[in-house]
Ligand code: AMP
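Here you get one chain, nothing else, as C-alpha cells; it is the form predicted alone.
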C-alpha cells in the first residue's frame, strides 16, 4: 500500500511509525511532515487540498490519513472522495463536531447525550446573565478552532465575564471567539476515549489520560498537551459500556440521521462524575499527545484498521492491543506556550542502557533539519515514549529517555501519569 499522511506533528510521526511495522506498506508520504518524518518516508510540500488530491492520484495512493483538524474542517475528505480516493477522516459537515462548539453542544442536547448545562451565544449580556446563574469555577469556550487552547476555566464570575467579553470582541482567539459557549464546571476526572468509526460500526481504543497544564500538579496555562498515558486504570468495563451506550452509539446514530455519517476518529473528551461519563467536547481526529501513546499499543496492522474504517468494513476486523502500558512525555521549547523560541540544536546521547533502548522511542514533532542538523523549531518539540508492564515501569523508562535529550531551554513536566499512580 501507498499511504499519504496529512500533518507535521508528533501525532502524524507516530502514525508513520506504526505503519512502518506493517508488511504491506510500500511507500509513506507526509504532507508536509517535519524534520524527522523524512526518515520514515518522503515529505512533500503541497498545501492546496485539490493539489494534494492530484498528487494522491499520480502516486497511486491507496489511503490518505488526516492528522490535524484544520484540513478536515476545510473539507479535504469531500475533495478526495469526489476524486474516488480512499481517505480516513470525517466529511466537512461531520467535522463540525469539532469545528463549532455550539454545533457540538446543540447536537449533544438534541441526542440526549450527557453534557454540562450551557448557553451558546454571541450576546455579551446573555452570557453575563447565564454566568450569574452558575457556581464558580465557570467554563468559557470560543466556538471555533483554537488549536486546543480555546477553553478558559474562570475562577470567578468577574473573570468569566471578562473572558467572554475578550472572546466576543475578537481580542482573544480572533474570529474563533465571536460566538462562545459558557457552561457549568464539572467536578470529576478527565478521560480521553477514542472510537474508530466507519459510519455504522466502531472500535473503541484503550482509554488515555492527557495532561493539559504546562506545570507539575496541573498548574499553569493550558497547552496542546504536555504528556499522556494509556491505558488508564481510571476506567473499567462498566464505564466503557456506559460510554458506548450513552455516547458512541447515539453519536453515530445522530450523525447518520443528519445525513453526515461519521467516519474517522471520534475523540471524546469526557469528565467522569460519580462514575458517569459526561461529554466535555468532541474532536474529529486523534488527540496529540494521546495518539503517540496509543499507536505503540496497537498489535493489529494500523493500515488495516484505518483502511477498513475508510471503506465501511470495520465489522470485518478483529482489533488487538498489546497487554502493556505506554507513557509519553512532551519536551517543549523554552517559551512554550507563550511565544516562539529561538531554534536550538537537538543533541541525543548514545543510549547505552539496554532497557531504555529496547522499550522507548522518540516521536518527533516541532523539529526541522537545518544544514543537516536537527533543531527544535516548534513549541512542542518531541515526545519521549516509554513502554512497560506497568504504568510506573513505562513512566520510568520514558523519563530515562528524557534525560538523553538535550537542547537549550528544554522544559517538561515531571509528573506525567501521577493520577494513575495514586490509584
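This structure is a prediction, so every number in the text was calculated from the model and none was measured. Numbering follows the first chain given and starts at 1.
This next part talks about the form predicted in complex with this ligand, which is not shown.
Undergrad: Does this ligand come within 4.5 Å of a heavy atom in each of 198, 248 and 263 in the predicted complex?
TA: Not a single residue of the candidate spot has a heavy atom within 4.5 Å of this ligand in the predicted complex.
Undergrad: Of these, 116, 302, 314, 85, which has a heavy atom no more than 4.5 Å from this ligand in the predicted complex?
TA: So the residue touching this ligand in the predicted complex, by this definition, is 116.
Undergrad: Identify, from the list 334, 120, 244, 184, the residue with a heavy atom within 4.5 Å of this ligand in the predicted complex.
TA: Exactly one listed residue reaches within 4.5 Å, namely 184.
Undergrad: Although this ligand is absent from this view, report whether residue 351 comes within 4.5 Å of it in the predicted complex, heavy atoms only.
TA: Although this ligand is absent here, residue 351 would stay clear of it in the predicted complex, with no heavy atoms inside 4.5 Å.
Undergrad: Looking in the predicted complex, any heavy atom of residue 190 within 4.5 Å of this ligand?
TA: It does: once this ligand is placed as it appears in the predicted complex, residue 190 has a heavy atom within 4.5 Å of it.
Undergrad: Using a 4.5 angstroms cut-off on non-hydrogen atoms, would residue 96 count as touching this ligand in the predicted complex?
TA: No, residue 96 sits far enough from this ligand in the predicted complex that none of its heavy atoms falls within 4.5 Å.
Undergrad: Contact between residue 159 and this ligand in the predicted complex at 4.5 Å, heavy atoms?
TA: Outside the cut-off, so no.
Undergrad: Among 280-288, 76-84, 252-260, 322-330, mark the stretch whose residues have heavy atoms within 4.5 Å of this ligand in the predicted complex.
TA: The contacting stretch is 280-288.
Undergrad: Can you list, in sequence order, the residues from 74-106 that come within 4.5 Å of this ligand in the predicted complex, counting heavy atoms only?
TA: Heavy-atom contacts within 4.5 Å come from 101 alone.
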